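Single chain ahead, written as structure tokens, the form predicted on its own.
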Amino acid sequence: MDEIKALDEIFFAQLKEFTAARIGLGRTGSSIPVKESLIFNLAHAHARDAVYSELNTGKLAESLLEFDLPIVHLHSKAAYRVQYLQRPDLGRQLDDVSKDILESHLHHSDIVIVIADGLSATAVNNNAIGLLKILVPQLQTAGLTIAPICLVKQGRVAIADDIGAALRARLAIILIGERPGLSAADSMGAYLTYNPRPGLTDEARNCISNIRPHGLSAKQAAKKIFYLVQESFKRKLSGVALKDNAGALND
């Protein structure tokens, strides 16, 4: 039995190098070991904390200054966090004050970049700037004009449609915190929408998910996003009709 147990430990130790899933936890009697139970409870606490975390707009705005682009602070119609969680529809729409703010920034541009808290502001606080430091120079080198960067509190993915339409951008990119899981509470997603406008549904968007140090790296994510941006402008569409045919990006 000891020999079989040792072989199992070696097998699962090797397998764990390829996944963050909870496998090979072992057992104590008919239950899992106390240590694994405590780790599970800690992960659950991290996930709950992430849902209620706040977007650090001050630090983000300070870090964004290096791009020499205007920065605007916006808010959805969800006035506070509990309302945001209970009313997803309000998180998809700008409040009246934000609409007025955008009216003073009207101009045609190729791309608008939106940064929103989503369901994990922690993910955005930790990962957005690292990604943009790679992506923004690529977009600018390609000759694409970028609208003011928008920082949005209590925002859902579709709020980028309202913002893109208001700023008359040809394409919207929103970086947003993904729903926390018990293996990752810091996962950020990026959604691209060509010709953004109110009323679009999820089939009109492309998504790059799991952007975080232990998932898709900032360099890999920037490469995927830049490829999709180029293809979107070339084909004048986004969503289910736009496929990632760039092949494996193993940088």
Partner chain sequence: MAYQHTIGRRVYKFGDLKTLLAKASPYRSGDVLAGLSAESYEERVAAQMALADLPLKRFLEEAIIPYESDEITRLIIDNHNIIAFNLIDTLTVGEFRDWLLSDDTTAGVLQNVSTGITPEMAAAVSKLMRNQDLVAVSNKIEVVTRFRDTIGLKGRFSTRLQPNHPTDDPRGIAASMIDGLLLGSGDAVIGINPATDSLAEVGNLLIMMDALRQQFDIPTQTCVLSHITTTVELIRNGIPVDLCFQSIGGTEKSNASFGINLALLDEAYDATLSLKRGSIGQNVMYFETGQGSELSANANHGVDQQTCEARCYAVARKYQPLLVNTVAGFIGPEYLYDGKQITRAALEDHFCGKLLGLPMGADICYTNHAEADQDDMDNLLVLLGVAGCNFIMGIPGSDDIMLNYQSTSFHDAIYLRKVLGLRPAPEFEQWLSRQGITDEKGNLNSRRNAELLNKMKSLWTK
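Residue numbers count along the first chain shown, from 1. Predicted, not measured: the structure shown is a model, and the values here were computed from it.
The form predicted together with the partner chain exists for this protein as well; it is not shown, and the discussion that follows is about that form.
J.: Which residue among P213, G26, P198, G58 has a heavy atom within 4.5 angstroms of the partner chain in the predicted bound form?
T.: Contact check passes for G26.
J.: Using the partner position in the predicted bound form, report whether V240 sits within 4.5 Å of the partner chain, counting heavy atoms only.
T.: No, V240 stays farther than 4.5 Å from the partner chain in the predicted bound form.
J.: Answer for P180 alone: is it within 4.5 Å of the partner chain in the predicted bound form, judged on heavy atom distances?
T.: Yes, contact at 4.5 Å.
J.: Answer for K236 alone: is it within 4.5 Å of the partner chain in the predicted bound form, judged on heavy atom distances?
T.: No.
J.: Answer with yes or no whether R48 is in contact with the partner chain in the predicted bound form, where contact means some heavy atom within 4.5 Å.
T.: R48 belongs to the contact set for the partner chain.
J.: Report the stretch among 67 to 75, 132 to 140, 97 to 105, 82 to 90 that approaches the partner chain in the predicted bound form to within 4.5 Å, counting heavy atoms only.
T.: Of the options given, it is 82 to 90.
J.: Scan 110 to 146 and write down, in order along the chain, each residue with a heavy atom lying within 4.5 Å of the partner chain in the predicted bound form.
T.: Contacts from 110 to 146: just L119.
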